[in-house]
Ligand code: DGL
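In the form predicted alone, a lone chain appears below as structure tokens.
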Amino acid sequence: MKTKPAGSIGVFDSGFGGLLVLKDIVRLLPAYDYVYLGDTARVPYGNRSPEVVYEFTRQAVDFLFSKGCELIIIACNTASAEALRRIQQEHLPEAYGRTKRVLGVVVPAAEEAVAKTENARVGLIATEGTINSGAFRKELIRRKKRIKVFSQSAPLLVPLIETGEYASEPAKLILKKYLSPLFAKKIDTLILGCTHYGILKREIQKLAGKRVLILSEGTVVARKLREYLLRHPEIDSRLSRHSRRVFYTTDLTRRFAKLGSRFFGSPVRAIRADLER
């Protein structure tokens, strides 16, 4: 007797940025069911210790699995860089055996950057936690030893984005200040190493000009997810396809619905989630 698929694809981020990733995934794979979780009450993760990031990520993973997810995308670069490997190697085998999967965004972005760069000079703009983890540098150099990686932390961008002030003139000046040192290094590829930054892609491209390729993670992750499901039909067969989208937030649901709809590109109805139970 054939088992009826019942699992959703979960997408987790510390805030709203992951909705940009989900938007691209849904555009490419619209038939699947998705559950999104934004830990907006505790954003940003970028200035947290690795142990705290791991604990927050573990709580989020357990919450999404409790909501019927079979596969989870951690659409938070800090969590992907500082917690994903431990989640995969320690928490999943202990709590779920080999039945569940959790994937991140760092590896797909690094693979794409290596494939696209022509002068082997890659820039990275990210949170302090992501940069300090060295995850992007490690993944880039592992794939291309002669590559040069230039990193810039941008601590003010996530708060500006989370408050909806990312289009203001002060925000544009801050963005220019962060990016100028990277452009001075003659990079030809720039990784937006925080999913929040995707909403700034157009402004960043204006500052960069045509010589620099801007890699926003949404389209890359969506394509890599499709390829992953094709390689793993045993996982794909457990995923339900009713085009359902459910959104959870750990903070105010009205605020999440308002700003989240802007990120996702269509109306979002949020449900309050408590991760610390």
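Because the structure is predicted, anything quoted here is derived from the model rather than measured. Numbering starts at 1 and runs along the sequence shown.
Unshown form predicted in complex with the ligand; subsequent notes refer to it.
Contact annotation: residue 43 falls within 4.5 Å of the ligand in the predicted bound form, judged by heavy atom distances.
Using a 4.5 Å cutoff between non-hydrogen atoms, residue 102 does not count as a contact of the ligand in the predicted bound form. Using a 4.5 angstroms limit between non-hydrogen atoms, residue 199 is distant from the ligand in the predicted bound form. Not displayed here, the ligand is approached by residue 194 to within 4.5 Å at the level of heavy atoms in the predicted bound form. Interface residue among 187, 204, 158, 71 relative to the ligand in the predicted bound form, by the heavy atom within 4.5 Å criterion: 158. The stretch that touches the ligand in the predicted bound form, counting heavy atoms within 4.5 Å, is 44 to 52, out of 246 to 254, 44 to 52, 59 to 67, 224 to 232.
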